[in-house]
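What follows is a single chain, given as C-alpha cells, in the form predicted on its own.
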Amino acid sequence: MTETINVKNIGLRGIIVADTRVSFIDGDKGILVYRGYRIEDLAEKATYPETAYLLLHGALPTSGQLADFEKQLQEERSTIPSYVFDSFRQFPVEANPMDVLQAGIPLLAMGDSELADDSREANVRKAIRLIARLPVLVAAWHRIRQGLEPLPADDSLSHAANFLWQLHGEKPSEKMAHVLDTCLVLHADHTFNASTFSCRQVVSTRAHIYAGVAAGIGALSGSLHGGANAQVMKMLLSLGEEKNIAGWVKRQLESGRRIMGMGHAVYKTMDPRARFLKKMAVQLGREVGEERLVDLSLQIEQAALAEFEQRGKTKIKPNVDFYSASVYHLLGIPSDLMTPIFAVSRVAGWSAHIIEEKTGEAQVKPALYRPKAEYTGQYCGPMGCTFEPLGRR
C-alpha cells in the first residue's frame, strides 16, 4: 500500500522536491557552494567562464579545457542569426528589457539545428550558446532602443569585458571588467530558487532547454526575485534628498513597508554574496569618484539592522540585491538592465540544473513535476453543481 503524504506548505518553503549536485546552501551559516566549491573561493580566484564550465561539467577546467570553452563562447556570440535583431527592431522601444530577453530565447531556439537532440552532449553545446548569446541580446536591445546598431563582438576581450563593450561602445578598464566578472560568478547559481525551479519544472515535461530558460527568465522578472535589484536602485534614487535616513527606515518599517534588499527566504545571516558586493561597491565608488549611493546604502543597512534588532528580527540581513544595485550603477548599467544581467549570469546555473533534470545525474530518475492542490472553491454536493441552461440563468 502506497503511503499518501499530505503536506501543504504555501510557497513550498522547506519542502524537498528533488536532489541536486549543482549547488548547496546552508542558510543558517551563510554558506553557498557550487559543485563543492565555496563561493568565496570562486569569487576571489575563478573567472565566470571557469565557473560556468564547473557548473556544466562538475569539475574545474584545465587550462586547455578553459581555452577551448572560451573559444566556443567567442564563436557562439558572433553567430547569432540576423533575424533575431531584425525582430528586436520591431519591438516598441519602451518594452521591458526582461520581456525582450524572454522573447529572444525562442528566437534563438528556432535557429538551433540541434534543438531536437536531447542528449547531454547536445544540451551542453546549447547551454554554451545560451551563455554566450544572452549578453549579446541584452546589449543589442539597449542599443536598438536608442536608435543605434548592435556592435560586433570583440574576441580580444573577456566574456564580461565584451558585454560592457557591446553595451556602451567603449572598452572597459580592466578593473571594471573584473568587477562585472566577479558579479557574474556570484550570481551564477543559487539552488532551487523560483527561476531555477521554473526551469526544471518546464523541462520535466521533456521540453527543450530554451523553453526552460525562457521560463526561468519569466520567473526572474518578478520584483520578489531578480527584479528586486532594480527596486533597490529605485529606492536609493528616491532618497537623494533625504536627510534623516534612520528616520526614513523607521517610518518604512512602522508603516509595514519593506526595505528593499533586506532579508532572504533562505539566509538567516548575511548573504555571502552580499559581503563581496558590499566590498566591491565601496571600492568601485571610491575609484570612480561616486560614493554618494554607496554611502547611502551603508546608512540604510546600519539603520535597518538597528531597527530589526530592536524588533527582535536579528536574522534579517542584506541580500544579494542590496549592494548589487550600486555596483551595477557604478558600472554604468541602467536600472532596467540590472535584472537582465542577473539572467546573463544565472543562465549557466539554469542550464546545469536543466541538464541534471533531464539526465537524472543526481541519482534521481527524471519525472514530470505534478504537485497536488487542495480545492477550496464552490462545491454543491456529491454530484456537483446543477447546470442551468443559458436561458434559465
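For the two forms, the rigid core is made up of the largest set of C-alpha atoms that agree within 1.5 Å on superposition. From 1 onward, residues are counted along the sequence shown. Just so it is clear, the structure is predicted and the values come from calculations on it, not from any experiment.
Another form, the form predicted together with another copy of the chain, is not on view; read the next lines as being about it.
- Although the partner is absent from this view, S221 contacts another copy of the chain in the predicted complex, with a non-hydrogen atom inside 4.5 angstroms.
- In the predicted complex, another copy of the chain lies within 4.5 Å of some heavy atom of V100.
- In the predicted complex, another copy of the chain stays beyond 4.5 Å of every heavy atom belonging to G256.
- Residue contact check for N123: none of its heavy atoms lie within 4.5 Å of another copy of the chain in the predicted complex.
- For the candidate spot formed by I144, G263 and Y328, no residue has a non-hydrogen atom within 4.5 angstroms of another copy of the chain in the predicted complex.
- Comment: 208-216 is the region of 296-304, 176-184, 153-161, 208-216 lying near another copy of the chain in the predicted complex, near meaning a non-hydrogen atom within 4.5 Å.
- Though another copy of the chain is absent from this view, in the predicted complex it lies within 4.5 Å of a heavy atom of just one residue from S78, T191, Q283, T269, which is T191.
- Annotation for M383: C-alpha shift of 2 angstroms or more between this form and the one not shown, rigid core superposed.
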